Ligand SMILES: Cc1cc2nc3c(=O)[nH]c(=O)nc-3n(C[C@H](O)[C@H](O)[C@H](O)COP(=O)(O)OP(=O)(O)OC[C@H]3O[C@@H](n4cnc5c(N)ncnc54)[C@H](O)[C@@H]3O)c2cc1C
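Below you will find one chain, with nothing else, as structure tokens; this is the form predicted on its own, and questions on how it binds or moves follow later.
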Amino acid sequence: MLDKKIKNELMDIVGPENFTEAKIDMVSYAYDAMGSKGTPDCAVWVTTTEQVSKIMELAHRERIPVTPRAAGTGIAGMAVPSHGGIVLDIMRMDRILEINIEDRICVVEPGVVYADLQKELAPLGFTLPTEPGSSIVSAIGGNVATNAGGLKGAKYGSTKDYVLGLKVVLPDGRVLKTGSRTMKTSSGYNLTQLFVGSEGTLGIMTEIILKVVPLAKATKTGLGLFDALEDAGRAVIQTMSSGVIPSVMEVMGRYLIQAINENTDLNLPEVDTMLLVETDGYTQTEADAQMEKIIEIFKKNNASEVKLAETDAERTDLWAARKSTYPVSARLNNSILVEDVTVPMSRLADLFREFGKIIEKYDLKVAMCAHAGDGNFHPLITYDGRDKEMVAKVEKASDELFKMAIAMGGTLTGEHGIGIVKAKYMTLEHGETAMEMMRVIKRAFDPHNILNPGKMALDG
């Protein structure tokens, strides 16, 4: 519990109207999008770098845990206050400070919602192409903190590829500027990338310089249907090594297709595996030529059917299946766990197949999908969270999935982050020496471990 003196200091910094300890607010801040829980003592809404700096000075002096929080759409617990203390809500820092097309950059505050930035960039013919699945609600600050990826990662990469510079408040309140407004720099250590994906454990970002790229003028969308997972797997590998790089390459499994049909009127063919693919380019001829090459590869690998969108309405219909993945899966039971591991693209079909055996062993219902173009696997495990036996099965299946992904040369997370949920598996991927180096860095920035403690296994 925080004493009255500290609460008064916080109110002096942000104003009484931007401080809360109301129970309803504490409950709201106690969990993230996937249900990890931890209750704070209070929360503050900040609007300036100066306010963030003063709060961190206070927290550093008094050794109070601070959990930075953006939109709260994460699903690994990184925005959950596992050690109580102060939740520092940055969502009112929501200004787009600059869009400079001549320099191909924009400068934003961390509370800017991804979709809102896209709305401002699109009329100028530019985009931030990372497109996380939560794009309509997630904030840029959270995207940077988790190195978010998304549907277009196959061609355009993840958030780290677009962050050029940052303004960061350190755990002791000092303000640090990293990077530059230039497209490249070789000056000193790359501190910018150190903060990208750090999940708020090293500092709190208050300004972000982002590279933007021209918006594609034309697209072509198609759907490949396969009766065997192995055929779809070969089609993905051959496509990604063909010289054509699709902007989207998404895979959906049979149970997910069945769930979509049960909960929508899309009436998808219930095949073993479905590949949604999209190409883009400066001209329609360019996008079409790339798609023709992909269709050739699909047919070579026994696609039972290939559907192409010829109009915007048909493209919307093809996308509807992929975009309904989470909503339809969430209806299947009262709890859902969305996992996120990534393996080399050549092993993705192996991971699908082997995890299918785990599903059978534990008798679980799992909607399987993936960003196939970059090997990012997203099984959606639906279960009854009130059934302790079933919960235990889900935990065992997840444990085996993590170990399997690492054994295949993969990683624990492609875009969702580590947070609380995967912290205990960090040494499985990184080893003791790497973990000690991460902890050394954490101690150098945050010797009192007040900034987002309990995350990423950094407390040891």
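Just so we're clear, the structure is a prediction, and the values are computed from it rather than from any experiment. Each residue number is its position in the shown sequence, starting from 1.
There is another form of the same protein, the form predicted together with the named molecule; it is not shown, and what comes next is about it.
Figure note: of the listed segments 225 to 233, 353 to 361, 76 to 84, 121 to 129, the one touching the named molecule in the model of the complex, with heavy atoms no more than 4.5 Å away, is 76 to 84. Proximity of Tyr282 to the named molecule in the model of the complex: non-hydrogen atoms within 4.5 Å are absent; the residue sits far from the partner. Though the partner is left out of this view, Ala33 does reach within 4.5 Å of the named molecule in the model of the complex, counting heavy atoms only. Within this chain, Val196 is remote from the site of the named molecule in the model of the complex, having no heavy atom within 4.5 Å. The shortest heavy atom separation between Ala145 and the named molecule in the model of the complex is within 4.5 Å. The partner is absent here; in the model of the complex, the one residue of Ser335, Ser134, Asn301, Thr192 having a heavy atom within 4.5 Å of the named molecule is Ser134. Think of it this way: in the model of the complex, the named molecule has a heavy atom of just one of Pro171, Gly149, Gly375, Pro379 within 4.5 Å, and the residue is Gly149. Contacts between 51 to 69 and the named molecule, taken as any heavy atom within 4.5 Å in the model of the complex, involve Pro68, Arg69.
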